[in-house]
Structures are given as structure tokens and as C-alpha cells.
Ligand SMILES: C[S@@+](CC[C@H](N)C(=O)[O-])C[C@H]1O[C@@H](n2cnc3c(N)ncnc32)[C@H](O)[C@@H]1O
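One chain comes next, on its own, written as C-alpha cells: the form predicted on its own.
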């Protein structure tokens, strides 16, 4: 669930989110967006990793592989404490023993040593013969505020509410009802509106994940042909700011809830593009910006079922002129193809949203056609997402 809803009832400040006034979130500095590897390199590495894991599983007793899978929640719980105690930050410049870390964090040294030693066994941190812990390439990516940090997403995915929602999986399999509806009796957006602390954690996580995609999205060729781009449900505007920084002649419209736009003003100013962005408040279930030759939606559609997606796309078509461009960032996932990142994201959508899902390019093509768009091209992005380029065409039955 990288980006989220745009409804009057919603309340969150994620990149690609919209709703009521959000809890404040850290603005992104001009250096917040990390560099990205070529998309083919990331996807090749992912396929190689999957192959090696399958090979290792075939070489090991199945019980050992299943032990690793069944205890994944234990590792997640330990990572939760690692980020809450800010262990990677404390190890940023020096190696420390568990006793030294315990003095700084107020926990017991023996238990902390045992937990961190288990983290080392999972590939996070290093441990030397003298009992000193130090950062490695994984734990460095858990430091607070570091460029490319994954600290906030780890904090979100291991949060109490996500843990509780996943406890509803048996009910979802029986009824199709999402975890928030089962556990809390409301949608995820309404629950965040009533829980601002959790909302802030979620918003920071989504901002961090959008930062990983921003540079690759901004470099995509379709933006070169546009003059005025509307970022629909664009949250704090991090991705839009990167697009504008890479395309100096492009003007932007950031469309989201008023409270989210308050956060966006600071971020856009920090990234030097505030003068080129028109801020507009609203809900994409009611309307989208007009006067643009392109509209952009990042990870919006996967939060919703087909009926809601058709409503969003219909409003986009009404807001674009004939020949206008619609750009969608989504994690494409074919029905009968397993992919670790996309498949887990899809199931998280199933649990955390109201019947949201990851879709294939064909499923999205059919939804686009029903609302007056023709899918023109699919552009692979660094990592695991894709940019779908569609053009506004006459309604079916009209020349």
C-alpha cells in the first residue's frame, strides 16, 4: 500500500495520498531522492535472488526452509525493536557492545545482545569476536533520515495495527472483507483519521517508499512531451517535485486534500519548485484538475476495487482534452505468475484496503478502455513498478 485514498473522510499524508488534514511529516530535502539502478539490473538481480533461493531450498531439507519461512515474523519483530531503539543510528560512527547500547537505550544488555546476535544471523549488523556490533549494508539502510533509508517502511510494516490487521486473514479468506473493517469496523482511511500517531508513521513510510521510485519516474520519456501535469492524489509532492526538477519547462498541479497540501508547501519550497506548482484541494472521487495536458496517478488504483477505479478513471477522462495523456504508476502482476514483491504487495492490498489489488497490464487496459482511454505503452521503471501511458480517445461508438 504505497499510496492511498482521496476521499473527504480520509486523513493521511502519504505520497499519492489524499484526505483530511494530516499529521505533520518530515519534508524531503533536495537530496532526499536516492539514485536508482537501471530497471533491468534491479529486475535481473531479483530473478537471480529468486533462483538462488529456490536452489538453496532444493538443497536443504524442506523442514529447514519451512522453519525460515515460519519464523519470518520473529525477524520482523526484532527489526521493529531495532528501529524503535535507533540501534543503526547509534552504530553510525562506531562499534558498540550490547552493554554500551543498553546504557544508551535503557534496556537489559544480555537480552539486547541475544536479540542483536539473532539479527546478525538474519544478515542485519555485524558482530566481532569481542562482542562489538557494527552496521553493515542492511542496517545502514535503517538509519533515521539517511538518503534511501528504509527505516520508516519497516516501522510501518511491523506496527501494532498492521500486525492486528493480518490476524484477520482467516476472515478475509472467508468473506473478502479487509482487515481494518474486521478489526476496527471502519476503512483504513477512517482508522488513520482517528489515530494520528499511526497516521504519521504510515505517511513517513509511504514518503520513504516514494523516494525510492522518484528519480526513475522523473526520467521517464512521456513527461518530456507535456506542458502542464496534474499529480492526482500526489500527497506531499515528492515525486512531482522530482519530475519538475528533471523537466525544467514543465508546470505542475498538485491535487490532494487541503491538509496534505499544507505539508507539500514546505517540501516543494525545499526542492526549489514551489513557483511552478499550483496547489488544488479536492477528492479524485469528485473531480480532478482541469487545464492539464497530462494527469499522473502513482499507486492510486491498487487501493481500490474495479468499481472505484472506474469512477477515478472516469473523472480523469472528464478532466483531460481529447489526446491528453494519462500516466499511471502501478506494480503490474499477472494472475498466474508469482512474484515475491508484487504478490506480497497484492495480499497486503487485500488485507489493508477495501478490496484493493495489484493488477496486470491487461486488466488495467480493459478498465482504461471502458472510460475512454487507449493504453499506448508500458514503461518499465527501476525496481518493480511500471509507468502505463494512456491517451484520451473519443468515447466508444464515436468517431
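These numbers were taken from a predicted model, which means no experiment stands behind them. Residue numbers count along the first chain shown, from 1. If you superpose the two forms and keep the largest set of C-alpha atoms that fall within 1.5 Å, you have the rigid core.
If you look for the form predicted together with this ligand, you will not find it shown, but the lines that follow are about it.
Enquirer: Within 4.5 Å of this ligand in the predicted complex, do 83, 125 and 144 each have at least one heavy atom?
Expert: Negative, none of the three is within 4.5 Å.
Enquirer: Looking at heavy atoms inside 4.5 Å, which stretch does this ligand contact in the predicted complex, given the options 248 to 256, 163 to 171, 67 to 75, 268 to 276?
Expert: One stretch meets the cut-off, namely 248 to 256.
Enquirer: Scan 191, 223, 150, 304 and let me know which has any heavy atom within 4.5 Å of this ligand in the predicted complex.
Expert: By the 4.5 Å criterion, the partner-contacting residue is 304.
Enquirer: Is residue 283 one of the residues lying within 4.5 Å of this ligand in the predicted complex, judged by heavy atom distances?
Expert: Residue-level check for residue 283: yes, a contact with this ligand.
Enquirer: Please run the contact check for residue 326 against this ligand in the predicted complex: heavy atoms, 4.5 angstroms, yes or no?
Expert: Answer no; every heavy atom of residue 326 is more than 4.5 Å from this ligand in the predicted complex.
Enquirer: Against this ligand in the predicted complex, would residue 243 count as a contact residue? Criterion: heavy atoms within 4.5 Å.
Expert: No, residue 243 sits far enough from this ligand in the predicted complex that none of its heavy atoms falls within 4.5 Å.
Enquirer: At 4.5 Å between heavy atoms, is residue 98 in contact with this ligand in the predicted complex?
Expert: No - in the predicted complex, heavy atoms of residue 98 and this ligand never come within 4.5 Å of each other.
Enquirer: Sequence order please: the residues of 184 to 222 with a heavy atom within 4.5 Å of this ligand in the predicted complex.
Expert: Going through 184 to 222 in order - heavy atoms within 4.5 Å of this ligand in the predicted complex - the hits are 189, 202, 206, 210.
Enquirer: Does residue 75 count as moved between this form and the one not shown, where moved means a C-alpha shift of 2 angstroms or more after fitting the rigid core?
Expert: After core superposition, the displacement of the residue 75 C-alpha between this form and the one not shown stays below 2 Å, so no.
Enquirer: After fitting the rigid core, is the C-alpha of residue 222 off by 2 Å or more between this form and the one not shown?
Expert: It does not, since the residue 222 C-alpha is displaced less than 2 Å between this form and the one not shown after the core fit.
Enquirer: If I superpose the two forms on their rigid core, does the C-alpha of residue 281 end up displaced by 2 Å or more between this form and the one not shown?
Expert: Yes, its C-alpha moves 2 Å or more.
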